[in-house]
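Next up is one chain by itself, shown in C-alpha cells, the form predicted on its own.
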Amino acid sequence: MLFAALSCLLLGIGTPSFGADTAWFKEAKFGLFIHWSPSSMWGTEIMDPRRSMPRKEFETAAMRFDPRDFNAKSWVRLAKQAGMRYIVFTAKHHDGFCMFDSALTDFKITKTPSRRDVLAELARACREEGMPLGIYYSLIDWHHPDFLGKDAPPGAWAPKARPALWPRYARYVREQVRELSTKYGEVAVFWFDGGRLSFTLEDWGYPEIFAMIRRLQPKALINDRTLLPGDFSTWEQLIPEPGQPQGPAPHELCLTIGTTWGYSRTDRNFKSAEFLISRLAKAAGRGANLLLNVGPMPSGRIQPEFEERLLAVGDWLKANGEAVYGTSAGPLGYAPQSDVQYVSTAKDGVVYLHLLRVPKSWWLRVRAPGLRVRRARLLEGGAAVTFWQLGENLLLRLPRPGSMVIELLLRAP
C-alpha cells in the first residue's frame, strides 16, 4: 500500500481511493461470469499465439465471427432465474478482440458480419432488468503490436521486448478503459486481469487509470488483479485455506462449470448442480461471493448443460437464499468429522448451518462454543429439528437424510 501511495505521488496524481461502497457486493453473494470471444468458434478457451494457430491466421478468421443467436435479454433473465445478483462480461480478453465498439481498434465485433455491439446490448438488458453489470478487461493483448513488439518472439512482452513502444500501449489501455467508463452506462465492477505479470505501476499507469475510474464511475468496484490493492480480492477455482493469503476483503471466488473459461467442444467434465451449490455455500461461509462462469457457444447461446445447472442452483436458492444473500461468515467453521461436511453463515441473530455431506447417522455433533440456541428448524419447509446443547457442543437429530440448511435462532445476549 505504501509503495502504491508513493508511486502515485511520483506520478503527480492523488492516491486512488479504495473505499467504494461494497455493501451491495457483500449482499449479492452470487454472480454470473461470461467468457466469450471469437475463440468460441474453435471450441477453445482463448486463442493463445504461443500455443495454438498463428496469430495472423486467428485474427483473419476472427473477423468472420457472427453470433446470430445472441440475445442479451435471455442471458440476463437466465442469470436472474439462477438467483444471481450481478454479471461480469469479458469486454476484451487476452486475444485483444473487443466485444465492444472501441474507436481505438478495428479488431472488434462491430467490424465483423455481426456488426452488433454486444456489450451495449448487454448493458441495456441489464439496465432494463435491474442487474448490475461488471466489465472484465484484460490488460494483456496478444493482438496489439505495441504489447508483443512487432519483431518479438511469442510471449516476449513489452516493455522488455520493445520498451520504446510501451507508453503507446499503456495509453491505449487507458483510453479503452475511458471508453468503457463513459459509453455503457453505470459500471458496477471493473474486473481487470493479467496486470501483475512482471510490470510496475509506472509501466501501466495504474494510479492514473484508477483515478480516472473513480472520477467517471465513482460507484464502481475494482478488483485486486493489478499492482494496487483493489476493493475486493479474487480467488480462482479454489477457496484459500485459513492461514493462506486472502487478499483485501470482501472476497470473490470465480469458478468454471466445466474445466475451461471459454466454450469448449471437448470438455464434458461438468460440475454437478450439487457441487456448485456446495461451493456457493462454502464461499458464503467464508464471507465471499461466488462468480460462476459460463462460456457461450459461437452462436451466442449458452449450452443447455450450463442452463440446467444454473436453474437447479436457482431452485435451491428459492428455498434457501435467506441463508446466502446478505450473510456474513458464520461462527461454526468447518466440520471436524470425516463423514460430515458443513459450513455456516450468519445474519440478524440467526446462524445457518449448511450441511453439505450427509452424516452416516441421523445425529450430528457441532462444536458451538459461546452459541446459545433457542430454536432449530429446516430452512426449507420449516420442520423442527430436535437439539441439545452440551457444554460447547450442539447435538442435532436430523429430520431426514440428505443435504440441508438448518436455521439456528439464537437467544438474545
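Everything numeric in this text was worked out from a predicted model, so none of it was measured. Residue numbers here begin at 1 and follow the sequence given.
There is another form of this protein, the form predicted in complex with alpha-D-glucopyranose, and it is not shown here; the text below is about that form.
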**Fill in**
Of the candidate stretches 178-186, 279-287, 67-75, 92-100, the one with residues having heavy atoms within 4.5 Å of alpha-D-glucopyranose in the predicted complex is 92-100
**Request:** Report whether the minimum heavy atom distance between R225 and alpha-D-glucopyranose in the predicted complex is within 4.5 Å.
**Result:** yes
**Message:** Contact with alpha-D-glucopyranose in the predicted complex for E129, defined as at least one heavy atom pair within 4.5 Å: yes or no?
**Reply:** no
**Prompt:** Would E236 count as a contact of alpha-D-glucopyranose in the predicted complex, using a 4.5 angstroms cut-off between non-hydrogen atoms?
**Reply:** yes
**Prompt:** Given that the partner is absent here, does E208 sit within 4.5 Å of alpha-D-glucopyranose in the predicted complex, heavy atoms only?
**Reply:** no
**Request:** Could you check which residue among F306, W316, F232, W191 gets a heavy atom within 4.5 Å of alpha-D-glucopyranose in the predicted complex?
**Result:** W191
**Item:** Residue (of F58, W36, F33, F30) lying close to alpha-D-glucopyranose in the predicted complex, criterion heavy atoms within 4.5 Å
**Value:** F33
**Fill in**
Contacts from 235-271 to alpha-D-glucopyranose in the predicted complex (any heavy atom within 4.5 Å), listed N to C, are E236, C254, W261
